[in-house]
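Given next, in structure tokens, is a single chain: the form predicted on its own.
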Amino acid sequence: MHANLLRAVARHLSPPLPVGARFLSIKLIRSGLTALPDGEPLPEDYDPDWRPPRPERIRRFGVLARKVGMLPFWNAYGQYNCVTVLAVDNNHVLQVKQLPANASPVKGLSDMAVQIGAGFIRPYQAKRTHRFHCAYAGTDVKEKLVEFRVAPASAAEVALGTPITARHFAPGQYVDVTGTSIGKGFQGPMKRHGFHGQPASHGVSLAHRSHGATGQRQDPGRVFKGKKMAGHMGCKRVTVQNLLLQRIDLRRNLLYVSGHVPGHAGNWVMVRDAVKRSGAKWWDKLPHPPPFPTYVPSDDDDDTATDDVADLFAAPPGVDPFRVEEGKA
């Protein structure tokens, strides 16, 4: 098997060597083997440290939305889904900046960031610096600000004051939603971690819902950090990944995403392209990929939604889930 792999190394110019064979051949060459088993030398232009170029990572900035609530949803085949309604409330670009050299590096992301403001508050409710910051971008005073790292740097080429609407996304794509989960207060181990509790009898008295012993012996003589015990539950930053965008309401700037979203109704959440299901690999399957870097209406484009085109729906699955093949009924 190794001889076949090394012969493929000698012919690596055309066709390219498969990934598994390439790394195995690198391991053999680095082990000191400099020739093929039949005595044929390895090609001089073969580089064992060569790696295939990775596709350029695309990370657009996201939006700020308010959680409205949950609704039932049926697709074109009549398949039921539970969706969460998110309202993109008065989003504008407030700042485009280049992060300093000592900023925390993030793999695959550029040093450019886009700051988005959402909501509205009265000017006397905001600090003077905050009012001037929003006025510099030509927008009203924003209630919530958030910053998004982008990649590549061209994803930050957007003018200050640009409005961000629900058309920033495309129906059928996947999104990640980040919010603050509902606070539950101090809870026991059964509700907080799913413990089954103590037996109902056999010597258990007044401790049926407790977690029992938590310590060790004399060695180590302590309770390890991170031990699952009773404590404060909820009210934490939570990200729900890979939620399918089922519908976009253009008239009211609403996003309908499958599944649940953390937080109470009315809370702010961040909506952005899914990290694990975004880019050319996934967006090429959509009828209309998301705009880059965002949707900007042109002079010839009528941005107002009409009765005919008021909603955008995700394409239904290619196979009817309720179809019964002949002979299997």
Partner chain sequence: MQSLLRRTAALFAKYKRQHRASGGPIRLELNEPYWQPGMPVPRFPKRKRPVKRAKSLLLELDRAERERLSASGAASHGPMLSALRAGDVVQLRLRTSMQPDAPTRELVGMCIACRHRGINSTFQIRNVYDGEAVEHGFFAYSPMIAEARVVDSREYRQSKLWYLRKRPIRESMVRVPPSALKSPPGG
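Positions refer to the first chain, counted from 1. For clarity, every value in this text was computed on a predicted model and none was experimentally measured.
Just so it is clear, the following notes concern the form predicted together with the partner chain, a form of the same protein that is not shown.
J.: Identify, from the list A265, L286, V296, A280, the residue with a heavy atom within 4.5 Å of the partner chain in the model of the complex.
T.: Checked against the cut-off, the match is A265.
J.: Work out which of the listed stretches, 149-157, 226-234, 186-194, 114-122, brings a heavy atom within 4.5 angstroms of the partner chain in the model of the complex.
T.: One stretch meets the cut-off, namely 114-122.
J.: Any of the heavy atoms of V141 lying within 4.5 Å of the partner chain in the model of the complex?
T.: Flag for V141 set to yes.
J.: Check whether F169 has any heavy atom within 4.5 Å of a heavy atom of the partner chain in the model of the complex, and answer yes or no.
T.: F169 lies outside the contact set for the partner chain.
J.: Could you tell me if V204 has a non-hydrogen atom within 4.5 Å of the partner chain in the model of the complex?
T.: Result no; V204 lies far from the partner chain in the model of the complex.
J.: Using a 4.5 Å heavy atom cut-off, state whether P72 contacts the partner chain in the model of the complex.
T.: Yes - in the model of the complex, heavy atoms of P72 and the partner chain come within 4.5 Å of each other.
J.: Going by heavy atoms, what in 251-265 lies within 4.5 angstroms of the partner chain in the model of the complex?
T.: Heavy-atom contacts within 4.5 Å come from R252, L254, Y256, A265.
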